[in-house]
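For reference, the chain that follows is the form predicted on its own, supplied as structure tokens.
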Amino acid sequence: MCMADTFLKLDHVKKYFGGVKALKGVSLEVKCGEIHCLAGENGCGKSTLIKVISGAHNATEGEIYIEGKRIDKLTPIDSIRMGIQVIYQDFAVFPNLSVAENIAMNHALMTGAKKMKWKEARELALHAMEQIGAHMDPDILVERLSVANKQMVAICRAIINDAKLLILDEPTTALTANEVEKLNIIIRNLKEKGMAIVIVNHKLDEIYRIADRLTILRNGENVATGMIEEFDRARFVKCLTGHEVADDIYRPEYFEEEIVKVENLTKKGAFENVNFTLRKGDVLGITGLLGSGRGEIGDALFGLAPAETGTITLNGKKIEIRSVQDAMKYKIGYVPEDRLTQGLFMDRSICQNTVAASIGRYMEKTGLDHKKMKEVTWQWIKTIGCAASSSEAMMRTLSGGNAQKMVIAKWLNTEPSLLILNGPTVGVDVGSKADIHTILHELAKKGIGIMIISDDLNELIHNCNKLIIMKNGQTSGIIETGDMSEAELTGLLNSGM
């Protein structure tokens, strides 16, 4: 492992892209045998900093030291040879190759091998998996693995290349709570072996469970560094955003007005006898472990995988939902968990995305009313607080938080009676997260039914006044959250209900 107490030291590193100052003098020290979390909102400079450390970008100014030695120029191959391994959000694995081939690939490249030695690759893979406690068939194709196991493959590949510094970029974004804890165990084991670890994350509850030290970036500068116990939630949020963000628990006033009533909703193999009533002002949360049936309820109500029996009453009228077209006809909107592939057209404009679910209202005899479409989109950009320069900008130019706001805007433009949100703030920074929650509260108060499907327990407690816990397709019934703590909710989630 590391040959010095401090593996990496950056001293006033700057990186400019033309006139854009991505890094404005960042200093960072990562010690061997520590877990150092790097936090910051989208656009703060985290990705640029990682690319400087990995050699993908050359620093404009500043000094870089690795194991006490000043490095004047760092290339990607130099970085790897010095023991730096980066695992990005997409893991950079080859889906059409086996687990063993993926794990041994970089080793083969580093040793200059001309061809893959299958027996050696298999042995390397088994040895790496044993080191981190992973259990996978080395011969299975990576495309058949879960997200968590693909991540394990990437970690195995890193450690067989004698990694001394492991950088994980948003490693928990697509993981369940149980998978996050398993990952944390692996990371702690690597730390105990003396590896320096940097985790890019902005979820304070996850950071508290794993980090030794924390550095927060904002606008290309590091605004705070210290031991994790030096940061309470208020300080963390203020350093991250530059201002205080309200963290109030949503508890609406009581209304009699019933928006949605679901009775004995059943889909064999997914869930059965689901019952709930959603009134004006309510925000209903649905949670449960992976495979519990939580997501399938949303799919059924939006017609993606319709329920087989049961009744749905919307605004006093019984309705049948057999397809997405039925759901949209009854003004039900659905914000999917994966906004990149299911919620947005990334290579289309913000305007085209905003009107996608309501395109019919802009049709005229001569074609689409583009002027009206742009006006409506710009109004939504302002209303929902999206940081966009133009309605014609490509969707992929937006940060995760702003893109998520526009997914919500797309459905709000349909004037929904019920809005179902699956993982509404996954991969969203703290500031945008608070904005989205405020938007949902206001919608509920106006009489739009709001359902949040999530495994983020803190999000559910702070933003839902009613909660359903799913387990093996069975429901807990309605739970009034009241003053429930996250620990109490965790206990219910893991109990037999």
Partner chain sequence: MNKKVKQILTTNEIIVVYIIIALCILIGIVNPVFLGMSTAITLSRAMLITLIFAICEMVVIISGGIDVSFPAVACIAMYSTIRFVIAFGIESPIFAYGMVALIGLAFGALNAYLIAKIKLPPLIATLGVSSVANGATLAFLGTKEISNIPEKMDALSKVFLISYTNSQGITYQLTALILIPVSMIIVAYYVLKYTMLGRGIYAIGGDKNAARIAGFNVTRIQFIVYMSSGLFAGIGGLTYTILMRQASPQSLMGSEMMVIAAVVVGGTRITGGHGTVIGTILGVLLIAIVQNNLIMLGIPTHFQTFVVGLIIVIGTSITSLRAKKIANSAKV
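This is a predicted model, so every value here is computed, not measured. Positions refer to the first chain, counted from 1.
There is also a form predicted together with its partner chain; it is not shown, and the following applies to it.
Residue contact check for residue 233: none of its heavy atoms lie within 4.5 Å of its partner chain in the model of the complex.
In the model of the complex, at least one heavy atom of residue 93 sits within 4.5 Å of its partner chain. Interface membership of residue 317, defined by any non-hydrogen atom within 4.5 Å of its partner chain in the model of the complex, is ruled out. Interface residue remark: residue 101 is counted as part of the site for its partner chain in the model of the complex, having a heavy atom within 4.5 Å. Partner proximity in the model of the complex, defined as non-hydrogen atoms within 4.5 angstroms of its partner chain, places exactly one of 114-122, 376-384, 200-208, 165-173 at the interface: 114-122.
Shown without its partner, this chain lists 372, 322, 127, 144 as candidates; in the model of the complex, only 144 has a non-hydrogen atom within 4.5 angstroms of its partner chain. Of the residues given (186, 262, 105, 223), 105 alone sits with a heavy atom within 4.5 Å of its partner chain in the model of the complex. Contacts of stretch 67-91 with its partner chain in the model of the complex, defined by any heavy atom lying within 4.5 Å, are made by 88 alone. Cα-Cα spacing of residue 87 to residue 290 is reduced in the model of the complex versus the present form (difference of at least 3 Å). Figure legend: C-alpha atoms of residue 291 and residue 87, shown here, are separated by at least 3 angstroms less in the model of the complex.
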